[in-house]
Ligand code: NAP
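Presented below, as structure tokens, is a lone chain in the form predicted on its own.
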Amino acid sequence: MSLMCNNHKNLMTRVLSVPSAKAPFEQTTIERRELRPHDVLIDIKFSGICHSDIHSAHGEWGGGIFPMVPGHEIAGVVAAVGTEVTKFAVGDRVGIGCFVDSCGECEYCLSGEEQYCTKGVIATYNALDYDGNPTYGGYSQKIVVTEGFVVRIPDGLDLDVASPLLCAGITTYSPLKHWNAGPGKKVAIVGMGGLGHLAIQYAHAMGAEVTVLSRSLNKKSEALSFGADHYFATNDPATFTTLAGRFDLILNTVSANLDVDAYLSLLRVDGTLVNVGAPAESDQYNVFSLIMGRRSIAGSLVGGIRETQEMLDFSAQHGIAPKIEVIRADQVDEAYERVLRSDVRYRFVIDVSTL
């Protein structure tokens, strides 16, 4: 089976795709578009597995475009460039994150926050580009992207380790920076998974006092090794009494529903609970949990291209890296099952050479 992109031609590439929601992965081929003047052709070396890949491939968020090639944590090497490309050359180590195009004209694009493009940012996969063609992601040998949506991977980061940073890294770095995690700030990280273990490292490197809130004490030693100052189990009711009114910022990285009022009680006056995990069901809270402490509930997507590059450079400078398990292309179905069982420390990365 071949997945065809309308009006695009010439560049065949092997991929892992799902033909329908919850179907097993199969190896097939697609056509990538021929290079436009500002395009970069990338030989993909590694592609991280994000929990959102599973939601999408399983059709859990609705509107899935099938057949689907997931993957938005892409690390590789430039194989060719268009005639007007100025930022990259053949052989450069590069990455692609969660989106591959935006309007470039709205206030958010102009301020470097393309993720909030008012026309609608074009996701790396499971989306239609502005010409109406479906986008196919990083579980693929090659990809073609306009140069403005490609970032440079610093020499200090190996490509396999860099790939999860293109989503998990920027998803946690961006809100920590936006809400001023730094010296003198007390920051709590909810969850010690693929997002949480990176959030700990970023908050620590930014100079904040970092507390991890996880269901049990199982991951305490690891959390401390990542830079956490304190660790508490949320299955112990005393935790919420002990920590009442302590934090300036709580970053919630889990996709399960929380007792929102309990977590809001841990915030100081003017504190903020920021959500980057996205549960399937709606959360509920009592408005007095906000009013009585002038507290806020917020959310954050990823960062723009400029901030993603900043995050990669910061990661290389501070030795921040995800803990990964590299897998073969024929192990992706098994990896999805293991993610759903929380049986991974802490991100799976596909070795694309095994496709």
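Given the structure is predicted, the values throughout are model-derived calculations rather than measurements. All residue numbers are counted from 1 along the displayed sequence.
Only in words, not in the display: the form predicted together with the ligand, which the text now covers.
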Among 81, 258, 157, 94, just one has a heavy atom within 4.5 Å of the ligand in the predicted complex, namely 258
Answer with one of 40, 69, 44, 50: the residue that has a non-hydrogen atom within 4.5 Å of the ligand in the predicted complex. 50
Tell me, yes or no, whether residue 55 is in contact with the ligand in the predicted complex, where a contact means a heavy atom of each within 4.5 Å. yes
is_contact(residue 140, the ligand) in the predicted complex, heavy atom dist at most 4.5 Å: no
Considering non-hydrogen atoms and a 4.5 Å limit, does the ligand approach residue 219 in the predicted complex? yes
Indicate whether the ligand has at least one heavy atom within 4.5 Å of a heavy atom of residue 23 in the predicted complex. no
If contact means a heavy atom within 4.5 Å, which one of 104-112, 144-152, 276-284, 177-185 is the stretch that engages the ligand in the predicted complex? 276-284
For 166-189: residues with a non-hydrogen atom within 4.5 angstroms of the ligand in the predicted complex? 167, 171
